[in-house]
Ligand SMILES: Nc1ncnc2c1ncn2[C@@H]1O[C@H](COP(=O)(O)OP(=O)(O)O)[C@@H](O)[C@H]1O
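Here we start with a single chain on its own, the form predicted on its own, put down as structure tokens.
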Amino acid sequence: MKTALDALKKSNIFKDQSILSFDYVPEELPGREKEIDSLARLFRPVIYNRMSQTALITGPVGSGKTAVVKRFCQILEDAGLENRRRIESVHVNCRNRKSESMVLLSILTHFDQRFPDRGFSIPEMIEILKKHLKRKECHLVIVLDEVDVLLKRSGSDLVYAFTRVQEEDPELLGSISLILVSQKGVVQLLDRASLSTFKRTNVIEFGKYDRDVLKAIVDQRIELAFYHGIVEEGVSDLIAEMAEEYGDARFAIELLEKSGMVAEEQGSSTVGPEHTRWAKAEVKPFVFEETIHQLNVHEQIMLLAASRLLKNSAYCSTGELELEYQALCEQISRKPLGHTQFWQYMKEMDAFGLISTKRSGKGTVGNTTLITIRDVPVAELIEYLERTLLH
């Protein structure tokens, strides 16, 4: 029997599990090259003309906003060093730092880790920030992530105050830039004075990730986080398909990590598609019994056939499924459906969410429809359907 001490031993699956943390920012961000380039063009005057800049980043959860901004700030700081322009950045999550004083405290502890967490008013803290900027002679990029939380609670006075720092003191001209990050547009939450400091063209909108980019993200994390050859072929395709509905890279990365953990728990030396299905069932459970009760007997036979074919793989072809379905019908003395009716029932099961279909891509001969089961471990379906159909 395995113990906690066994679980604490060095993993034979994960090479570096920290790569799967939401805080990890890789050097390359698949699918977000255009957005990084847009930020670079906006902030170029910070380096060469000693100007300040503002930007607003919007997009849904898991669309890479935070990762892009963190990576861009690293790039900007490096470019500043090459051009003798000292640039520093501080990233504040306003969901965790909901008040103006807490936001300022985060910024001031960037310069002085021993700065006291109470005892100073907002104006006093801003004056201290000015002194730090003069002493270090640096340009500070302030990133306010999930800024809508701060704006709804405290208004936009602090955003305006950051811009006034530069206007009121000639020595600080061009010393602060602002990047606001939010799931939704926050222009309506800014008062007129604050809004006047933001150019409406400086809004960069992030869309959801598509399946191809999600697969590229998962493949990148597999290469960095797992030992070579541990993750089986088809796992990244399956995770990308599972996450495509949400367009959420965080969900895809969570599924990948959970797949590895399930493989470890089951004592497997590799991570396969079935481990990913178990991971999906834990992260977003799907109650399949009620749905199966709505299927007729032929649809249930088709689902059992698909489950058997997918026991050790991510996908099977419709041709393989039809042959397995016909063999099962013979086993239980049922006349198989004709090809047209078979296809119609397959489409209905896709609509139920029990199976998922896609056209084959590169590496497959011909133009084939591929089938997978995403939301339920096929081992559970096999057990349930065999009990229903074969006993």
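All residue numbers are counted from 1 along the displayed sequence. These numbers come from a predicted model, not from an experiment.
Missing here is the form predicted together with the named molecule; even so, the following discussion is about that form.
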**Prompt:** Looking at the named molecule in the model of the complex, is some heavy atom of each of P60, S63 and I253 within 4.5 Å of it?
**Reply:** yes
Heavy atom within 4.5 Å of the named molecule in the model of the complex, from candidates A249, M302, V147, L238, belongs to A249
Assert contact residue (the named molecule, in the model of the complex, non-hydrogen atom within 4.5 Å, options V231, I179, I217, A243) equals I217
message: Quick check on S21: any heavy atom within 4.5 Å of the named molecule in the model of the complex?
response: yes
### Message
With the partner left out here, check for me: in the model of the complex, does some heavy atom of P336 sit within 4.5 Å of the named molecule?
### Response
no
So in the model of the complex, is the named molecule close enough to P45 to count as touching (4.5 Å, heavy atoms)?
no
L29 versus the named molecule, in the model of the complex: is there a non-hydrogen atom within 4.5 Å? yes
Per contact check vs the named molecule in the model of the complex (non-hydrogen atom within 4.5 angstroms), the hit among 318-326, 37-45, 65-73, 341-349 is 65-73
